[in-house]
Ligand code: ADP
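Shown below, as structure tokens, is a lone chain in the form predicted on its own; questions about how it binds or moves come after it.
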């Protein structure tokens, strides 16, 4: 972990499904709240798996959050905050360039920007917005899950349809949990056809 400077910064928490990204975001934001730093937490409107208006981990931990669809909504509501948190960044409707520009703007204004999200889609291809933020962030933490097949570190999110790998032409964004996704290592990951 890097030691935060006095100015703005971008922190990226990334990894595959079930790696603890939201748990880590919640942990950091609880520290921010204990320190009484003004903060705003945002969650994509699209993510309604566990609770609307909260960031929620697969283990049940939650924090209240403002539902948004785009980085522009974050920018419009970021005033007076020292810390901005965005969960499931890959679900925002914006282009990678817009996400990058928005997060850079917030950090350039002196804010600590913490984002969490998948670094790869179900095809094991990088999510462009996360990829660009990882390149400019002051801190990047890649978390790992455990492969459900062999127990190795998992770095991939295997989407399943009727127990088989999703085809490569399926939609990129499909909200789901254990019903649709498994954490898998490189060796156990099966590309769709």
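Positions refer to the first chain, counted from 1. Every value quoted in this text rests on a predicted model; they were computed, and no experiment measured them.
If you look for the form predicted together with the named molecule, you will not find it shown, but the lines that follow are about it.
Asks: Please pick, from 58, 45, 40, 54, the one residue with any non-hydrogen atom lying within 4.5 angstroms of the named molecule in the model of the complex.
Replies: Of the listed residues, the single hit is 58.
Asks: Which pick from 68, 63, 140, 145 sits with a heavy atom within 4.5 Å of the named molecule in the model of the complex?
Replies: That would be 145.
Asks: Decide if the three candidate residues 19, 23 and 183 all line the named molecule in the model of the complex, where lining means a heavy atom within 4.5 Å.
Replies: Heavy-atom distance to the named molecule in the model of the complex: all three under 4.5 Å.
Asks: Taking the named molecule as it sits in the model of the complex, which residues of 26-42 have a non-hydrogen atom within 4.5 Å of it? Please list them.
Replies: Read in sequence order, no residue approaches the named molecule (within 4.5 Å, in the model of the complex).
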